[in-house]
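Heads up, the chain below is alone and in the form predicted on its own; it's given as C-alpha cells.
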C-alpha cells in the first residue's frame, strides 16, 4: 500500500470533465513527479487530496485513512506548499514558524528546535529581515520549512519552481532532495527537467487519466525506440556503414553527421544485434555503439499530443 492512494477519481466542472477515473499510488519515501500540461488537472487533484474540493466519485486515502471533503483529519499527515505561498510580511522567518507551531499545538521547546533545524535546511537560519522583503525564491523556501514543521508523512508541492530563475529552482530542488529521507514528496510541475533531476517515480496526467506511470527507468524501457548512435574513427568508415546494402530497407532510417551515424529501426523484430552483424560483415569497428534512450520530454510529447 502506498502512502497516498487514489482510485477511480472523477471530477467535473460544469460540462468539463477534468478527472476521468484517475488511479495513482505513491510509494513511501519517494519523490513522486506529478506531471501534466497547464490545465491538466494537477491542482484539482491536489485540492481533492487536501479535502478542499469534493470529488464526484472515487476515493483518496492518505496513510491508509480515507480523505473526506471538509473534514480534513488526514491533513495532520500532510504538509502543503502552494505555488504562491502567502505570509505575514511584517514577521521574520523565526517569528512566522513560531506562530505556525503554536497554532498546530507543538510544544514550545520543540517549536524552537524544529524551526532552527528547518530554517537551516532551507538556508534561512540567519535571516533577520521581514518576510515582506523576501524574493520569490526565499518565500518558496520558507513555505517548504513551514510545510515540514509538523513532520508530515506526505509533502505536497504544487508547482514550487514554476516562477523561479535557475538558481532559485536549484535551491528548491536541493531542499526537496534533502527532505526525502524524512517524508514522501508529491512534486506537481510541468518543468520536465526538474522531474528528471530529483524524482524517482513519475506520473503523467493527460485527458483526466495517467498516460505514463512508473520509475523513469521503467518508463524509458517500456517506450524505448530502437535508436542507435554509432561513432566511427573516420568519415570513410561512417560512409561505408551508412551505405551498406543490408541497411537499405524501408524499416531503417539513417542520418550521418561526419563520423557519427544515427540509426532508427522501426521494425520491432530488429535490434542492436542486427547492426552488429552488419558491422561484422563490413569489418568495421565503431569507436562508440550506443542505444538512444528516450528523454522524458520526448515521452511526454508522445503521450499528450
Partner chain sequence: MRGYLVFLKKEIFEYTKTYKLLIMLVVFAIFGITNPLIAKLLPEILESLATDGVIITLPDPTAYDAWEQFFKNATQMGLIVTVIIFSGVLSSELSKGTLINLLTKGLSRTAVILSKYTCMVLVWTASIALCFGLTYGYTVYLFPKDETSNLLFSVFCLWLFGLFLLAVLIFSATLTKSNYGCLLITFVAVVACMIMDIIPAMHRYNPISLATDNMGLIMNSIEVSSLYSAILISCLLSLIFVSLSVTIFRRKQL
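Residue numbers count along the first chain shown, from 1. Each form is matched to the other, and the largest set of C-alpha atoms that superpose within 1.5 Å is called the rigid core. Bear in mind the structure is a predicted one, so any value in this text is a computation, not a measurement.
One more form of this protein exists, namely the form predicted together with its partner chain; it is left out here, but the text below deals with it.
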Heavy atom contact within 4.5 Å of its partner chain in the predicted complex, the stretch among 273 to 281, 34 to 42, 235 to 243, 63 to 71: 63 to 71
Its partner chain contact at residue 100 in the predicted complex, heavy atom, 4.5 Å: yes
Interface membership of residue 256, its partner chain in the predicted complex, 4.5 Å heavy atom rule: no
Contact flag, residue 105 vs its partner chain in the predicted complex, heavy atom cut 4.5 Å: yes
Its partner chain contact at residue 75 in the predicted complex, heavy atom, 4.5 Å: yes
Contacting member of 261, 26, 50, 252, with respect to its partner chain in the predicted complex [4.5 Å, heavy atom]: 50
Listed residue that, although its partner chain is not shown, lies within 4.5 Å of it in the predicted complex (heavy atoms), from 147, 118, 195, 216: 147
Residue shift check between the shown form and the other one, rigid core fit, residue 129 Cα at least 2 Å: yes
